[in-house]
Every structure is written in structure tokens, then in C-alpha cells.
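Listed next as C-alpha cells is one chain, alone, in the form predicted alone.
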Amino acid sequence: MNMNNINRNMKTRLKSFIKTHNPNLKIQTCTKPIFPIQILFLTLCSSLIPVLSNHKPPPLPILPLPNAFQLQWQKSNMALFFHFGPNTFTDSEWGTGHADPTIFNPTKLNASQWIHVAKEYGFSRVLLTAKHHDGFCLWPSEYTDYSVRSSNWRNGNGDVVADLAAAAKDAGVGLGVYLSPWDRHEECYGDTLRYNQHYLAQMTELLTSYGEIKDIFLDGAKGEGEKNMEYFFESWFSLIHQLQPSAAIYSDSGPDNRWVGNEYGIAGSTCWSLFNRSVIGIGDIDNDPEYLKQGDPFGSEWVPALCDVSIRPGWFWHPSEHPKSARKLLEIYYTSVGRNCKLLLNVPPNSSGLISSEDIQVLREFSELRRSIFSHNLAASASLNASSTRGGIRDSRFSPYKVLEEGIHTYWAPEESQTKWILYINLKELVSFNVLQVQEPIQMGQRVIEFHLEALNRDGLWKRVVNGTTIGYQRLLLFPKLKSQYLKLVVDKSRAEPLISYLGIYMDPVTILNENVSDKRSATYFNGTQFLRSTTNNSSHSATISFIILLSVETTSGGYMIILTTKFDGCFT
């Protein structure tokens, strides 16, 4: 085909398209186009011809990956812990194992109330101390004389685990159990073979008598000077997964989720789900708390962290203690759920067998605070652009707009082998905000190492607002309130091409930041989150950029229209 034929074809298709949409518009054509324009048209058109090949496949996952049950565990975000037993009646934390079992008599016990409180205020799972360190069992175990069967409660015919399991099932709330390895009552404790047999027998009772169990909580807690004891943890884990294949097992080092290293509800500001279990021993006093808090970017196993903390000073109910405030729980939410962890909040039932009204009031206020902040994403109607999109801008599967769809199974993906990974957000109007939410599709692996948020200020310069490290399932960053229309989410370092599944912008009018300046760069920290006061990038452009560009629009007939424009409102890289 010669050049004149190409020109005639292009002019015919262009006139046909425009007339279809505006029949009154006349188009002036040139019978002898200048040669450089011919080359330009040829180059553009050849690059815009639709590719007939298959879609570009999704990127490869990067190991390690969560299994299906770890994904379910992470998505649940928060669970309630119920510490309950003889300690509730003796005003103690660690029972001796010799308290009279008849002291256990919660005359108003109502497990349905416990479950209602959990579900009403945003907790999709609950865990019960089926046996604490004192050895008292909240179910009528066949392997001990120290259980509800020996109590006066319901004339020895009660079963707290059964009541809770039935209420949880009716409400669609997941059930978990804590079975303490340390047992201060059983005389066989200290005899490795006998006690491991005893422990597995009781675990089997729990896992075969009460329906589906979602969580198993184990720890290595043991008082000083107690008998030496070797636990056959790997045998325990195998039996648990055999009897309850979907259960997530918690201990200091997993296998399914790990302790965060403290009981304050604070994860590391860098928190990897990647981990090496061999580095941490269950109950080992030499465990590195920083390793537990931060995880390991080179870890070969997927073991996300659990933040356990009590709503009260103690783990069991005490009449002289009072709950934390809702604002304190919100702060804990930022440092646990907001740092790629799950929050396990202990709310101990009182001696009547009910959750205390003052605890319920705090949980209600905590729920209302979360709803007031996170119920509306201020970026929900934003216009989005990206430095690149996997498969090109015509492949909607990896579009930047995927970050506005809730859930982790859709995501923005950049092209491979890029040097810049940027999402541009146009909020369409000036918006005040102070919270950034970011999520990764963790089923594809945890990838992001460092990222930051920038906002365009009134002078048309980009201001770096906050720096973050890991993202994982969810990251929440809190910073001083600002007002802007144009934002940039920039991934600075990543283990592979970063994938972003959700982005949210919110306003938190409640939380007060710690304004203590902590380093020479005038950076401020909120429990490890760094935000920048007044850093600007003088080389950045204003949001409105004037220059000549060529835009291509696909026509209904499969061809392309070439449009010349001199102004673009948005962000380019």
C-alpha cells in the first residue's frame, strides 16, 4: 500500500467517525500532507492497532504465600478473647490449681450475650480460655477431676464451651479455644510422656465435640521454678490440623500465626508476615521481641502476627479494675490492625457470667469511632491514573481504579521492569484528611518495602506527607490534617512489582498525635509511623500542565481518532 492510499484511508475513517457523532461538523483535509506528519501518523497508528493476542496474564505470586485458612484469619481483622474461670471468683490472674472448684458458680452466665457483644461491635471471632494455667476445665473433661463437673454451677451439669459453641454457631461467629500447656493442677505435669498424652486427650475432646473450631491458642507461659516440661508441639500441631483442618494455630512462633512480642497491642511499624519459625522458640525467654514485632523480609514461611491485649489492666475480671477508653482502643487499632496484624482484644466476663456494662459501653463507643472514621472513603469518587498499568491502559483487570474496589482479590498492577511505581489520585475537590489506608493482595505475597504519600500544596508543589514501610493485608497511617485535591501514592522499594488492592483516604477528628520531634529531619512519629512536616519536591509540576500532546480514542468501528490538545489537568510521569 502506497502513502497516498494510507492517507485517503485514514481521512475517510476519521471523517466517518466524527460525522457519526457530529454530522454537522465539517472536516478540512489536506491533499498533500507534509512528509513528517505522514511518518508521525504511521508511527502512531501502528502503535495503536489492536493486538489480537490473548490478555497478559496476572503477575507471578512471590513466595511465601498464605494458605486459605490464613487468608480467612487475616480478613477477620479482630477477635474477642474471653478469660474466664476460677480466677474470676478468686480475684487472681494465675490460679494455683488448688482453689475449691465449687467457687466457680456464674449464676447468670449467658454465652449468647457474649456473642451478641462480639458481633454487634465488629468482632467476627471469639476465643475462650477452655483451660487456663490452673488446670480448671470449662467443659466436663473425662481426663480430670477439676472441671465444671466438680462445681456447683448448674449442679455440675454445665458446659461453658458447649454454650459458647452453640451461641457462636447460631450467630455465624467463629469459635476458638485456648488450652494452656502449663497445668498447675494435674499431678502428671512434669512427666513428659504422661502429660503430653493427657494434653492431647483433652485437645481431642475439644476438637471433636463442639463443631468447627477456627482458632487454637497455645503459649509457653510458665511460672518461675515450675517443673521442667517438654511439650511435643509438632505432634500437637499435626493432631489439630488432622481434627480441624481449617483451624489457625497460634503460638510464639506459629505455625499459622505468631505472637507480636508484647501484650500492649503494638506491632512494629515495619511488620512482615514473612517469618522463620526456627528463630523463635515457644516460651523461650531468649526470644527477640523485635523479631516478633517486625517479622523477617527474608523469611521463608508465612506467619502473620497477632496482637493480644486486654480491655482491662488484668486478663481476668476484677471488681476494682476498669476498662480502657474507646480512644485508647482506637489507638491500639492503628498499631495492630493498621500494621498488618490481627487484634485479639480480651474482654473478660464477670463473676455473674456476663460481660460488664461498662466494658460494653466502651466497645460501643469504639465501634462508633471506627464507623465515623472509616465508613466513607473520601477517595471513592476520585479520578485515578498510574505510572503504568500491566497489559496497557486498555486492560481493565489491572486498572488503577481497582484500588477503589473493596477486598484484596482485585488490584492495580504496574507493568514489569519499571523504575517508578506511582498512583495519581485526583479527589476532584479540596478535601481535608489525616488517614491513609493501603492494602496489598496478600494472596500474591507481601511485596512493598517502602512507600510514601505526597500531596499537591497551594503553591503547586508536591509535599511529602507521610512515609511508610510494609503494607501487607492492611496499613493505616495517621498524620497531621491537611487539605488537598491531588495526591500521589509512591512505592519506593518492593520485593517485586508492587500490587495495590485498596486505597482509602479518611478524616480522624479524634486521635491526637504525639508531637515530639524525634530526629534532625523534623520528622514526627505516631507509634513508629513517620510523617514529614514540610518536605516539598521543587522539581514536581503543578497539577495543571500545558503542552501539546496526542491522545488516541478508539472508535466504534475499531479504528482510532487522533486528537490534538494543549492542556491536561492531572499528573504525568
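Residue numbers run from 1 along the displayed sequence. All values derive from a computational prediction rather than experimental measurement.
From this point on, the text means the form predicted together with beta-L-fucopyranose, which you will not see here.
At the 4.5 Å threshold, heavy atoms of A221 reach beta-L-fucopyranose in the model of the complex. Put simply, E263 is close to beta-L-fucopyranose in the model of the complex: some heavy atom of it is within 4.5 Å. W94 belongs to the set of residues with a heavy atom inside 4.5 Å of beta-L-fucopyranose in the model of the complex.
Put simply, Y502 is far from beta-L-fucopyranose in the model of the complex: not one heavy atom of it is within 4.5 Å. Contact with beta-L-fucopyranose in the model of the complex, defined as any heavy atom within 4.5 Å, is confined among 191 to 199, 101 to 109, 128 to 136, 333 to 341 to 128 to 136.
The contact residue chosen from F82, F123, F217, F89 relative to beta-L-fucopyranose in the model of the complex is F217, the criterion being a non-hydrogen atom within 4.5 angstroms.
Note on the partner interface in the model of the complex: the residue among F479, Y178, W153, Y473 having a heavy atom within 4.5 angstroms of beta-L-fucopyranose is Y178.
The partner is not shown here, but in the model of the complex the stretch 308 to 336 reaches within 4.5 angstroms of beta-L-fucopyranose through a heavy atom at D308, W315.
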